[in-house]
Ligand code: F6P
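Next up: a single chain in structure tokens, the form predicted alone.
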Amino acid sequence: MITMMPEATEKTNTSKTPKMRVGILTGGGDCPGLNAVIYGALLRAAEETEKGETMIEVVGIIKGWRSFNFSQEELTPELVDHYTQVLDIGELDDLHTKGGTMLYTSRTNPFKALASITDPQEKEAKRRAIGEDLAAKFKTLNIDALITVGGDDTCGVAAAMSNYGNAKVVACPKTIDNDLAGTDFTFGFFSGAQLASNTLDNLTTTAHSHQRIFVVEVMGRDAGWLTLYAGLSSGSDIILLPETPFDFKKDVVEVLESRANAGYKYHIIACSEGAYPTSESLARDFTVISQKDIDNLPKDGFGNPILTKLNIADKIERELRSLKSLESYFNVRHAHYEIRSVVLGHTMRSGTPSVFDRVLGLRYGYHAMEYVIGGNFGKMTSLQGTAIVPVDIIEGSKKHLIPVDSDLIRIKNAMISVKHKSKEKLFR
């Protein structure tokens, strides 16, 4: 089942044992668990090599897709050496316990040129040409197969290489946003959610001490999994998600009024960076942001709006500050009215992975290498229940948002409303 490029074998193998060089790269934003995937792949490669039938050499590709973006003429042997590193498992004991990625990462997008093409046929032709060119780089980089570790953008590049260039590619789903359809959970998610939950917990002490309203912005461009899990875990008083546009008056102002009326002196609002108001609320309630501001947001290398530029937590803070009627409502009830906004940002990607993400990362990397050895290419590792199974890269890397009828949404709504309502009963 294992096939090798003759060029790679001739250059690197002098023994009679067949050798396979498998590249591995980490692309997109960093998250806890990346090193665990690398270590899992190394473990399976070492296991296969130990059998003596095939020698698996794992080659780290440095800085994501950056080396693939060079032309064939630019990829000199010196440059290839700079962007590749043979990984020795003997020098990487317990790599899975460490945060970040030893291979570095980047947001390099090989398909950036597609953003300016509007004609569908021209775009598809360009996509095919790029996919074929990327697949041809395997020979230049002296690898037989590639394991890509990343989110929907990285998986999309891998899928194009597989579809158009017949490249031997396997993907592992990485994103703290947990927004990939092909897997129950992505590695990095629970580590990020725990960090966010811890921060929300900690902020309640200063919120209580100063009787403040804290608006806390949590990562989540399209999906609100992080905000929802962290908000539920920490008992946030208001939770705003991208999947359900919020009504500022109903979902924020009136909830704060009800809480103040029930005697609460501090309040935590958890909002996803991609949360946004309904069109009606935007026109009716907001003075510091308009629809034009949303439409004119800059785009990233993959054409996605950079929602962090909207600074939604800051906008909510400024809008609340301007509401003198709400301030008076608080003051009459002897409640201090002071608002602060906090952006968690990259702190959610930092630190070492949780137990769950260490083990899940190891399993993803181990199974990805298993797929490579078995010739099962064009697949993404997927957690389904408690099993790791292969799914098609394209299908697996589609977006997965929170279903609006999810029990998690119902629990969120109950938590927000029941707390102040149950306390109101005590004051009757």
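Every value quoted in this text rests on a predicted model; they were computed, and no experiment measured them. One rule holds for the numbers: they count along the sequence shown, beginning at 1.
A second form of this protein, the form predicted in complex with the ligand, is not displayed here; the remarks below concern that form.
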Would you mind picking the one in 175, 148, 191, 236 that has a heavy atom within 4.5 Å of the ligand in the model of the complex? 175
So which of 353, 182, 277, 220 gets a non-hydrogen atom within 4.5 Å of the ligand in the model of the complex? 220
Does the ligand, in the model of the complex, lie within 4.5 angstroms of each residue among 107, 273 and 349, using heavy atoms as the measure? yes
In terms of non-hydrogen atoms within 4.5 angstroms, which of the given stretches 204-212, 291-299, 220-228, 252-260 touches the ligand in the model of the complex? 220-228
